[in-house]
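One chain comes next, on its own, written out as structure tokens in the form predicted on its own.
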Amino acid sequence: MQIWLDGISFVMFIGGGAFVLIGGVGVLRMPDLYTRMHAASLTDTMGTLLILGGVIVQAGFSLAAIKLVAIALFLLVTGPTATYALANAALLSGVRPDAQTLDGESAS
């Protein structure tokens, strides 16, 4: 049984690391603030949840697992909220999306 739990947590760790890596590449490759923020927020939330899920599987049913679930729920609420607040502040301060990204054309 422990081998199965180790395998599940390993897959979750690899998946979470892949999401975080893809998000980092997306932040470097995207043309403007809004698309960078989109790439970072989605992949960061999913990557963090997968990594926390892997740690929860390794911890088993314990007080540590309950605390990790609370942290995951907190991140699920605050991550998108912070991204929305950042985008709204950027829009109110005058930072507009690029016309090329609004039209759906490549900015390269």
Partner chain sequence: MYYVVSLAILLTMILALVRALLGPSVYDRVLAVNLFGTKTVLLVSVVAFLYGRPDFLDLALAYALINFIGVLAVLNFFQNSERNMAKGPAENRKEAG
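Bear in mind that the values here come from a model prediction, so they are computed numbers and not experimental data. We call the rigid core whatever largest set of C-alpha positions still superposes within 1.5 Å between the two forms. Numbering follows the first chain given and starts at 1.
Just so you know, the form predicted together with the partner chain exists too; it's not on screen, but the next bit is about it.
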Q.
Using a 4.5 angstroms cut-off on non-hydrogen atoms, would residue 74 count as touching the partner chain in the predicted complex?
A. yes
Q: For the heavy atom contacts within 4.5 Å of the partner chain in the predicted complex, list the residues of 11-25 involved, in sequence order.
A: 13, 14, 17, 20, 21, 24, 25
Q. Residue 43: with the rigid core matched between the shown form and the other one, does its Cα shift 2 Å or more?
A. yes
